[in-house]
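Quick setup: one chain, the form predicted on its own, written in structure tokens, and binding and motion questions come after.
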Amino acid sequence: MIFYRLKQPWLFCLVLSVMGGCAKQEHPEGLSSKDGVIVGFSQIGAESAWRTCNTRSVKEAAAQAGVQLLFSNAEQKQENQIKAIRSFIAYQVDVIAFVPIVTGGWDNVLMEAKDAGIPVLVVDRKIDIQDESLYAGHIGTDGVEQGRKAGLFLLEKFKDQLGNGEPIHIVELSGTTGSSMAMSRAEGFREVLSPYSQFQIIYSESGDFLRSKGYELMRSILETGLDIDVLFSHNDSMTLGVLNAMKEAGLKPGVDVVIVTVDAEQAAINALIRGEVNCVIECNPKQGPEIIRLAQALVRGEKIPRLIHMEETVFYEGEDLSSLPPRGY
């Protein structure tokens, strides 16, 4: 079957029905492709304020640049993302960008995009494929470095206790199993702390980056009576659930348990200011302008960097954050 360049968004919906796609699709109202750039963007879902901001950043950047964006919400299912990418191929978009929910399972669909002559941008999370020519570049955040920053904070926090022989018990709530970000943050964290035997990870479990699972896991952990000195949470949504569970159990988060979290949502910064969190590591969601810039460069036939990392910072307990602008997520 041959698909020609479709000129109206409603025809894209028809293609989706033929392809059997079931993820939620959004299309610009009253906008035709003409000779402009069309980008197909597959997002993994809306599981957190961070993810919502990430999506908003892409949509706003596309609108400002006059780029038509075909958006698909995969609702946390890889099969939905694969269907969306195939529908983008059928629509003959200029560039495909997607946030991979897990690292593996992309070879076939990306080969289809390559055969169709459509360049692909991997966004936020990384993928593991045999042929790296199947995608043009990756734009996102450095999960390994974020994990390292968490470890370095703990080395400084507990520097006076190192050498006394007392174990420092760590509970880790990791992100979605199989996601590059969960693996990267765990890798960087262990890289920094592994030379110090006092730091002991006594429990590590996936909370899928969800607030509800963070709450449920921490309730379960506390019921076991584990002696916890540190919580390292791979994202703020899980951390916010943890804070609720700790408070219900009569604990003072940030005091009874040192808490390190990643993302830097406004709610986490507020918790840091209240003393309920000790360290917040930024994961910058505002990747939209860079994604659209790279997409436009690819359409012009330009070569782009294989890897671009967003600029990020770390927020520590005791800092004066009164002048910090609102996070926007």
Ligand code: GZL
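Note that the structure is predicted; figures quoted are calculated from it, not measured. So that there is no doubt, residue numbering starts at 1 and follows the sequence shown.
The form predicted together with this ligand exists for this protein as well; it is not shown, and the discussion that follows is about that form.
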query	finding
Per-stretch contact check against this ligand in the predicted bound form, the hit in 299 to 307, 266 to 274, 48 to 56, 62 to 70 (non-hydrogen atom, 4.5 angstroms)	48 to 56
Of Phe98, Phe209, Phe88, Phe232, the one that lies within 4.5 Å of this ligand in the predicted bound form (heavy atoms)	Phe209
Contacting member of Ile291, Cys283, Val39, Val260, with respect to this ligand in the predicted bound form [4.5 Å, heavy atom]	Cys283
Contact of Val242 with this ligand in the predicted bound form (heavy atom, 4.5 Å)	no
This ligand contact at Glu172 in the predicted bound form, heavy atom, 4.5 Å	no
Contact flag, Arg125 vs this ligand in the predicted bound form, heavy atom cut 4.5 Å	yes
Contact of Met181 with this ligand in the predicted bound form (heavy atom, 4.5 Å)	yes
